[in-house]
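Subsequent text provides structure tokens for two forms of one protein chain, presented individually as structure 1 and structure 2.
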Structure 1
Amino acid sequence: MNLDLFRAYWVLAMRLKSLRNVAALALVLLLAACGDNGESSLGGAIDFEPNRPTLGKETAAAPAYSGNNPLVQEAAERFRTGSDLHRKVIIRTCGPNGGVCHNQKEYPDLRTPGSFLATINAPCNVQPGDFSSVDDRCELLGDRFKFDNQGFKEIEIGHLQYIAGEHEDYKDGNKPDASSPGLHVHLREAVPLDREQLHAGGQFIRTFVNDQQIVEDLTFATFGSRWWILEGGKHLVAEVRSYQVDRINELLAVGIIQGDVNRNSVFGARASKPVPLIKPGKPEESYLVGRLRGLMGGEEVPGSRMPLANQPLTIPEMLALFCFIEGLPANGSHPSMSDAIDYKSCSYTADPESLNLLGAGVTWKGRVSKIFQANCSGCHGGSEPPEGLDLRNDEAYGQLFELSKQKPELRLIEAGEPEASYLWLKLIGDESITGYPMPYNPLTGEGKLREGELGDVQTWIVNGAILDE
């Protein structure tokens, strides 16, 4: 641009000084910088065709379902694509609120279509939470352990646990046990050392692929201390003094892979190949489906059924999920959430009723009364139980259908509706209920049923809170 033209633009710009003309001023200065009459500030036009993506591109439609089963027809109408499935089913049940459920807080994160797709072939045991809820079929090969300056081969780690507490200087034949403060490391095999203790550095070893694509073993952490060798060499306890606590926390933050996370002496990855969250083409071999159904391969899946605090999936919703997974490409290619779900070719449309999640068999006498008696009757029992709810006597079942004294608009149990049952909301710590979640432990200030127990209570309520079969 020549100097005279720029001066003309500048004079015009100076006349636009009020705040309401800021946009006009910006436009004038932009013209001054860019020039006009097809000229660019670089002295010439740039000739190219931008390669912009086409928004809303539709994929090829799947063959239409031509049968007359109303359940399939409902699924095909409501959940046409993977995006429909995610938006109308996954978000509603598994990741509805920020910071809870599978929305940032719990693994896997299911809050976006991309994170949902990321569950395909992803491992199912990354954030175990309660170790008892981990399935053997999710366990990975563990990291390995050895002592420095000792000749034995490293041994796979089963599980480890840090028990906080004041250090004890064991003397006169005393030694730690399973509940003693310290770092407890449980191994798959015994360390071949004929002694009860030693001062050494405990090495934690993992196999990596380096940047030259070479497989190598790397000692990624070491903890030096006095180690006790218990249980024939399979249980090691490292003493942790006060100045070593930060070091222990750093070690645990690394994320040591444990081969027996659920502590049942079965190293799952050695028994079979770990199952993925979603296995393309195989919904019944997908861990996410197993957690929804409570069964996988005819075997019970540890932990409560999902979704924990929401209504179970309906048959059309389950059918959409099954047909979506069955239609995923098995060759490793990336699917699109905008792809249509092929209900016509889906094998599960032949008998959608078999996908009913509610099942049967969880009754008050057979299961739920035992859960409440084991966890709650310590307080809710005797001559003057809180709120008059005595879970020890034979009339407890009838009391559960009375109105709550704390929230009279709700019954303790509303058959078929967990979200309208005061007792269920109390068990899961729902924000609408005041006071501590139950069962409450006055010593720790905490309290919660195990995941499997919560799942059984939820299933019992959904199925009608029946007394006995």
Structure 2
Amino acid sequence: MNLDLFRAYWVLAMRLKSLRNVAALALVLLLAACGDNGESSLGGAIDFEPNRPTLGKETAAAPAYSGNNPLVQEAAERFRTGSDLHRKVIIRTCGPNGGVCHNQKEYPDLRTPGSFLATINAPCNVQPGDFSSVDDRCELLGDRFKFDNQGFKEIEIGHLQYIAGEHEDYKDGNKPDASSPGLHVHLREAVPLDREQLHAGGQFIRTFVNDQQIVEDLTFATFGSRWWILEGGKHLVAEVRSYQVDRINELLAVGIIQGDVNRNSVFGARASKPVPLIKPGKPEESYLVGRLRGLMGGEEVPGSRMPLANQPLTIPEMLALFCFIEGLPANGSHPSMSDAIDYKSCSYTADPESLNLLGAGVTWKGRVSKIFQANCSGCHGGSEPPEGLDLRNDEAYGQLFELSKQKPELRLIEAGEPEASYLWLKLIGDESITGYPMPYNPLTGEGKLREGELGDVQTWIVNGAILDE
């Protein structure tokens, strides 16, 4: 690794205000090292030991929930502490193979309780991969750029793109374009230079608050080359000769902050406040929650909804997450994961239904068929399923709109109308049913799905009992 750069990083790190910032910066550096949008393979990774919070041992008691909402009771019973939440909800949602989707390469790292805690107040969506899925609300104030010995003021960096490839000698009025090899720097405003090219050092600048609370601007990297000025000055291209490739990789590995990561010309940090992954006290302003819901502050969150390959969170699971976040200390200090989640003072227990993720997007394939496979297929399968109703797999969907054998004036499912859907009446053990409530329990003669699952089936019927999105 280039010594100058290494020193720059340490100067940078040392001047940062708090340890947390160092950890965050280290993270950014690590991510940058993991790949800049897959466009270049970067060398020059900086080794670091992630600064993970330690996990407290003592269990702080929380007053028990005393209300009688069954959804809250279920949450309080199954997800007593932050560790329960992490183990039973976060890990579950992290890929079918136990956490393959989120590891240290794929931000955020959610594998351990400690790494989960580290998402508190951490920047959101700092992920390598598809830049277009980055939410404007996750964009930070970008670093700034200027040329050595040029009088203009520094300009915020929108995005950077290194296009690897053989350097070209531009002659006879030829010049690089958007796809030419080189380091492309896209700026928020045009550089006020009335020329097409210059030989200069390009400076990358960031503002820090030092130990004495003094704000300082620091040039943390420079790159000297021939620079081309395109698009009226908003797009600069530095030529990169083969001997400079390492230098560029090191430069990118420093983790230059781009103000318009998703390249949509909106500089998120200026347009609105950046959103952290988890904001203590404010689940609805936490990006992690936004990604689960596909919505935040009434606006769509770009990128696929999480969890990708799994069932969405049930209401009790959501409630546990919301109450956990709401109960986090506002000063940003890390709680112990073994502290009890305080359901009693959690405002979301007043209306847990409102946390139902499935208001939109609950489908047979996405959710309901899985509930039935898990709870019904043991009996409703094989060569002679009860009442001819086979609920083993996705194909069962076709049968659901047939008339009930037990009560032929009703269909099993009447889209939009749970009360007119015989299957639903069986699930809630309505007085009008023939036989037993479902899922039948031969020992007790009773049986009931969990509240969250029932809520999901109900929402699904109300929303039209759709197959797929």
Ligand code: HEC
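Numbering runs along the sequence of structure 1, starting at 1. Under this definition, the rigid core comprises the largest set of C-alpha atoms superposing within 1.5 Å between the forms. Predicted model only: the values in this text are computed from it and were never measured.
K.L.:
Quick check on the two chains I just loaded: which one is the form predicted in complex with heme C (HEC), 1 or 2?
P.N.:
The form predicted in complex with heme C (HEC) is the one given as structure 2; the other form is structure 1.
K.L.:
Once everything's superposed on the core, is residue 253 shifted 2 Å or more at the Cα between structures 1 and 2?
P.N.:
No, shifts by less than 2 Å.
K.L.:
Is residue 334 displaced by at least 2 Å at its C-alpha between structures 1 and 2 when the rigid core is overlaid?
P.N.:
Shift at residue 334: 2 Å or more after core fit.
K.L.:
Classify residue 348 as shifted (yes) or not shifted (no) between structures 1 and 2, where shifted means its C-alpha moves by 2 Å or more with the rigid core superposed.
P.N.:
Comparing forms between structures 1 and 2, the residue 348 CA shifts at least 2 Å.
K.L.:
Hey, core superposed, how many Å does residue 406 shift at the CA between structures 1 and 2?
P.N.:
Value for residue 406 between structures 1 and 2: 40.6 Å of C-alpha shift.
K.L.:
Residue 69: how big is its Cα shift between structures 1 and 2, in Å, with the core superposed?
P.N.:
Shift of residue 69 at C-alpha, rigid core superposed: 4.2 Å.
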